[in-house]
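Two forms, one chain: they're shown below as structure tokens, one block per form, named structure 1 and structure 2.
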Structure 1
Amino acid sequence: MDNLTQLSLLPGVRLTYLQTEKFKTDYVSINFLRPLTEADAPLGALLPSVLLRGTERYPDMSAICAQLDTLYGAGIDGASRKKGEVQIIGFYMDFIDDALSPDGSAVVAPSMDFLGEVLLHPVLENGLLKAEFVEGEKFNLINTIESQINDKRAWASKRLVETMFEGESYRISRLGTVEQVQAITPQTLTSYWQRVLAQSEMEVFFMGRASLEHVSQGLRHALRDLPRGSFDAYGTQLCYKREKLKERSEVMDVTQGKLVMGLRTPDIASTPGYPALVMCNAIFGGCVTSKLFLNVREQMSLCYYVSSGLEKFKGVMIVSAGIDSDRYEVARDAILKELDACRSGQISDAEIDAALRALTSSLQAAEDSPSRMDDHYLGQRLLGLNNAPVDLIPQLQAVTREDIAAAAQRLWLDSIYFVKGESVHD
């Protein structure tokens, strides 16, 4: 994009700056890039919420809310994301630009300072993160983890990932487990916080009206106390084909079975075959004009819902369907039949056109959302790329029917996980 600039703020800290006047608020995120590990995942999930409980200058939630009010209702939240085998933790904040403040007072620089305060100067007791805050946020995180089982569709996908990626870091939940969270102490979380600050590469994203000079100066000042050391390596390992298909199931109290199928592919967002894979996914199950939706759901009435989606950092397609538990085999075979149709090039011009329209609309809409742009450029950093979302559109337009078929042929069915009702037995 013409108004995109990237520069180094500090050692290991890169700013992606996107100037636009289409929004009434500015948006900034600060992100630490970490290897996804069993030990660190729950710590990374917990840390942002603990840091948001209080700082040296704003020691509790009421003081923090009061400060946000002085910034004309600025908003801040923590985030823990998983992209491939990389855990990304940090904060994002939105606030009005100086040019739009009611009395002309500065908002951008004070907002940056507040972010730095949250990140670098939390409330400490005897040199440790406050125990009350740690225990309170542990309780909240454990509730979140335990509630995952209530969404059976998400639960089935979680169990598929754990099954499919045994022996790989990608199987690790970004939230950790209840037992891991329970074991966290102020000492272990403080040590992790200090390690994150000193040993993590950082990606900062800004989107809004403020000038590059104003933003970069504000961020450098806010992060002036950031310790820097040697950085921990992060990255994603790709594993394409397994020797044998894994099929696993569990019985739960559900009225609707949850069928999830995981396929591997060598195509990720940084490889030449990726645009064809995106088109293949849209035609196969990624939109309401897809083969799975129109044929398996609408025409055959085999599924209450069915769709496919991509994880572009790990080379994975996941198909998710809600079915009657006693129709597992017929639904599974019908889904695979539609994939075979893609592999053999049984794809109409209408399907290609509909997929292209849906994808184009989604990519264009991404540029109207600061949070989606933030997520996009974080992903670009991990992939070593620097493209805007809409830059993919001409690549999609150039994809042929033969390219789509070839992408489908590179999809390898790895694992199936099925959550079935209690009245259905093997």
Structure 2
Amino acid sequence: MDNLTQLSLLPGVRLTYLQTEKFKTDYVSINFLRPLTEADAPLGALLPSVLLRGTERYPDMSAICAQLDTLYGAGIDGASRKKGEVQIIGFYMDFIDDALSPDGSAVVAPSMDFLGEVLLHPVLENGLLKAEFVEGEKFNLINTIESQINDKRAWASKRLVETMFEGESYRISRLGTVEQVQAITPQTLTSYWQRVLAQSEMEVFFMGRASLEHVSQGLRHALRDLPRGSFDAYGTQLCYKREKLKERSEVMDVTQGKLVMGLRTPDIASTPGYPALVMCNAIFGGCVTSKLFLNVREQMSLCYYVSSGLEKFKGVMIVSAGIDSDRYEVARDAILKELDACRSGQISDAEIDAALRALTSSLQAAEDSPSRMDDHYLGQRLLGLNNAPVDLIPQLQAVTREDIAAAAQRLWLDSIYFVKGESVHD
């Protein structure tokens, strides 16, 4: 992309900078790339919220809030993302660009400064993160973990992942478990924070109006106290072993059953088969012209929702459907029948064309969304690639029906998880 610049801000810290005049908002994210491990996941999930509780200059939530309000309602959020078997923790911030600041006061530099303050200068008591903040945020994280059961669709997906990836890091929830969070102390969290700062490769992303010089200077200044050491390795293990299908179910208080099916593939975003897999997913269940949407939802009225999606780092396709609890077998078989149609190449030119158009439009539109561009370039870094979203378009255009069928043949069903209503008996 012609408006893209990448440079090294500090050892192991890469800045991806995208200049554009089209937004009123500037967007920046700071990310630490970490291996997803049982021990670190809960610490990574907890750390951003503790750091957002108070800093040396803004010692409590009211002071933090007052500073954000003064910056014309700047937004900051902590995030813990999971991509393959990599945990990415950090912060993103958005704020009005200086050019649009109603009273002309500077917003960009103070916002970056604030971000640095949150990362590097939290309130410490005897050298440790403040116990009150740690305990308060542990309580919230535990509630978040316990509340996962409220959303049954997401719950079914979570249970599927735990079933399907038993023995692999990918099964680990980015939030950790209640027991693990309970065990966190100010000591363990502080030493994790120090380890994250010194031992992580980092990706910083900016998209907006402010000049490269302004942004890189602002960030270098904000990160001037960042310790740098040797970096912890991270990456995703790919798994090609086919095992016996795992079918699990659980009875819950739902009126609508939630069916989730997990498939594996050797194709990930950095392998040659990926464009065909993307086309295959779009045709099978990824868009409104897909076989699942048209045949299973619209024609057979079997599902309220049904769609498939890809995880491009680990090589996974997940199919998710909301169905009547007593129609499990019918729905499962109808979904698999559509996959078989893809495998045997029963794909029309119209289906290929519609999938291509939907994907093209979505890839072009990504450039209008800072958060999608952030997510994209972060993913590219993990994959060792550096393409723009639109660079995939010519590769998709080159995919043939045979390529799509071959991609479908490389997919295999690994596990099924079903959350069903109480009134249904086997």
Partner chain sequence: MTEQFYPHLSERILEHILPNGLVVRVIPKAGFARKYAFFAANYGSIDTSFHFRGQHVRTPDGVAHYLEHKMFDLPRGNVMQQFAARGASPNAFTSYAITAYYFDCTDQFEDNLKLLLEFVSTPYFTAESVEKERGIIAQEIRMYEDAPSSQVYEQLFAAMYQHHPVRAPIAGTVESIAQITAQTLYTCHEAFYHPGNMCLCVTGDVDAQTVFAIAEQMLGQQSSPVPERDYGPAEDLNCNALRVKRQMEVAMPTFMLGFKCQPPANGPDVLRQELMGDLAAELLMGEASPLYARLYEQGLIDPSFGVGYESMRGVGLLVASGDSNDPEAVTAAILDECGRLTSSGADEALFRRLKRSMLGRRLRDLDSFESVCFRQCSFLFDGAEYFTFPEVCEAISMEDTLDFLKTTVVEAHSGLSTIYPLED
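Rigid core: the largest C-alpha set superposing within 1.5 Å between the two forms. Here, residue number means position along structure 1's sequence, counting from 1. Fair warning: this is a prediction, and the values are worked out from it, not measured in the lab.
Determine, for this pair of isolated chain forms, which one is the form predicted together with its partner chain. Looking at both, the form predicted together with its partner chain is number 2.
Classify residue 70 as shifted (yes) or not shifted (no) between structure 1 and structure 2, where shifted means its C-alpha moves by 2 Å or more with the rigid core superposed. Yes, its C-alpha moves 2 Å or more.
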